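One chain is shown next in structure tokens, namely the form predicted on its own.
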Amino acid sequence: MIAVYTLLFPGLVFSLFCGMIAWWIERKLSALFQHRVGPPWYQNFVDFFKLMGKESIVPEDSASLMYTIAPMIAFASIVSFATVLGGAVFLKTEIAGDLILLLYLSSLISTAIFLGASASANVYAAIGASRELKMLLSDELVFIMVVLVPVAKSGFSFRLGGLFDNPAIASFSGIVAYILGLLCIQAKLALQPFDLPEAETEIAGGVEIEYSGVLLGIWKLTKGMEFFVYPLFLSVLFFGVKKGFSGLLLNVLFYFLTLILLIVMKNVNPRVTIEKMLNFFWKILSPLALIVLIIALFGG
């Protein structure tokens, strides 16, 4: 059954389809913000299949082994993330994993992006890799303290089922932690104002600039699945998992609320500089997240 969970539902196929649709929603709403029509719903699928038919070129001066396996590491990590999270949300089963495993997998994706970009021997990719690493070091501490708030609210349970049965959003600390979590997810998805590793107008795509063909397609699949699993993770962590058909509708509503808030933040904020991003996470959000965590520990 593990293979079915991983490859079909709730893992690869299901999460990939939902992720591509969520990514299309992001592109469509962003287009509406900019008074454009935007792509049709199937555009992400077409883009992926076009990449599958093109040649994957490995730069001559690159560290070819790391350059090739980095997108596979990221893709395997996001599929594992989707399987573990989806198993707890949709099947009420905990597939050999808990909250700590999910945090580890999310860090592994950022690490793979850094390694792949560093291995490509391109100056713009190197800048993107440097920014990706700095973002990981800045947002990860805040993100860990944010997810510890539901842990404190659930009686210090790290099991996903235990966390989903105790919605943290009903408390003051839960509301503030959810808002901080939105900012962290914004950074993990590399959406404006934290799209520094890719920054099309500055470094021409940054971390993905040298990738093409199948390898670029794998990066795109990883990106698409992130649009599904990260907002889902944040929404179920704070709103919980409801029971029955009405509960399912509520969970879908909470997911879209989280996704749309991320899209709105992307479209109303300009890109910040790397210094401002570091100051924002280290000097403002980290102390705030620590205060919120302490309030949660005292029952607030």
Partner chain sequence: MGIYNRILKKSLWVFHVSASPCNNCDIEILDLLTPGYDLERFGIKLVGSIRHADVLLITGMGGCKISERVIRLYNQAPKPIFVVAVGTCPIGGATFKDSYSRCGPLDKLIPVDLYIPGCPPKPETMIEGLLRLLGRLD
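Residue numbers count along the first chain shown, from 1. The structure presented is a predicted model; accordingly, all values stated were derived computationally and were not measured.
Another form, the form predicted together with its partner chain, is not on view; read the next lines as being about it.
Engineer: Taking Arg36, Glu55 and Ser212 as a possible spot, do all three reach its partner chain in the model of the complex with a heavy atom inside 4.5 Å?
Structural biologist: Answer is yes for this spot.
Engineer: Examine Lys220 and determine whether its closest non-hydrogen atom to its partner chain in the model of the complex is within 4.5 angstroms.
Structural biologist: Heavy-atom contact with its partner chain at 4.5 Å: present for Lys220.
Engineer: Heavy atoms within 4.5 Å of its partner chain in the model of the complex: does Gln43 have any?
Structural biologist: Close contact exists here: in the model of the complex, Gln43 approaches its partner chain to within 4.5 Å, heavy atoms only.
Engineer: Would you please decide whether Lys266 lies within 4.5 angstroms of its partner chain in the model of the complex, comparing each non-hydrogen atom pair?
Structural biologist: No - in the model of the complex, heavy atoms of Lys266 and its partner chain never come within 4.5 Å of each other.
Engineer: Using a 4.5 Å heavy atom cut-off, state whether Phe49 contacts its partner chain in the model of the complex.
Structural biologist: Contact with its partner chain, yes.
Engineer: Just one of Val89, Leu216, Leu180, Ile73 has a heavy atom within 4.5 Å of its partner chain in the model of the complex. Which one?
Structural biologist: Result of the distance check: Leu216.
Engineer: In the model of the complex, which of 268-276, 230-238, 27-35, 247-255 comes within 4.5 Å of its partner chain (heavy atoms)?
Structural biologist: Only one stretch passes the 4.5 Å heavy-atom test: 27-35.
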